[in-house]
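First comes one chain, alone, set out as structure tokens in the form predicted on its own.
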């Protein structure tokens, strides 16, 4: 408890949870990109996950728990920083970094809402039940490829995902460099390179995840 109550301890926990969440984003992206290999590939991937429901729900609940802990600790650190530095951010920061860093708490809440919506949409079939022709108790056997096609033909769903992914990109563009700083892996000589790495990975996730809804909506698939 003393470790968590200290600023250093909270920063380290935020950094460690960031590593886990970024790793999940990579793994999930690789799975999603199977969509471009056709219905057999993405449906087999989906079915493999649903063949182990205990593991799947443990992973989902674990992800949500880690994200909420990450967001809660990050918000507490943000409030502490504001109290310690009420004059706000230095003008020496770039516009991009300032925008991303100032809205970390807000972007975190948007991302949490997106995760819940995403689970309700594709995992539970509750957000858009008309997009699946099978009962919820048979959701594991449905044609996920067709569900993706039907979903991303709707402008409101595409816009919702696009906004959420853009906010996620902003969050990561600041969060990844902060991860290196919190773990002591950053130095003055490598700061710029780490910032570029953060922006590159944020863009990679953005274009990787958005490639599916954009391809479907514009009829490329």
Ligand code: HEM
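Numbering follows the first chain given and starts at 1. It should be emphasised that the depicted structure is a prediction, and the values quoted were computed from it without experimental measurement.
Missing here is the form predicted together with the ligand; even so, the following discussion is about that form.
For the three marked residues, 32, 46 and 165, a heavy atom of each sits within 4.5 Å of the ligand in the predicted complex. At a distance threshold of 4.5 angstroms between non-hydrogen atoms, residue 60 is in contact with the ligand in the predicted complex. By the criterion of a heavy atom within 4.5 Å, residue 180 is excluded from the residues contacting the ligand in the predicted complex. By the criterion of a heavy atom within 4.5 Å, residue 202 is excluded from the residues contacting the ligand in the predicted complex. Shown alone here, residue 12 lies farther than 4.5 Å from the ligand in the predicted complex, counting heavy atoms only. A single residue from the set 109, 75, 119, 149 has any heavy atom within 4.5 angstroms of the ligand in the predicted complex; that residue is 119.
Residues 209, 212, 213 of 188 to 221 are found to place at least one heavy atom within 4.5 Å of the ligand in the predicted complex.
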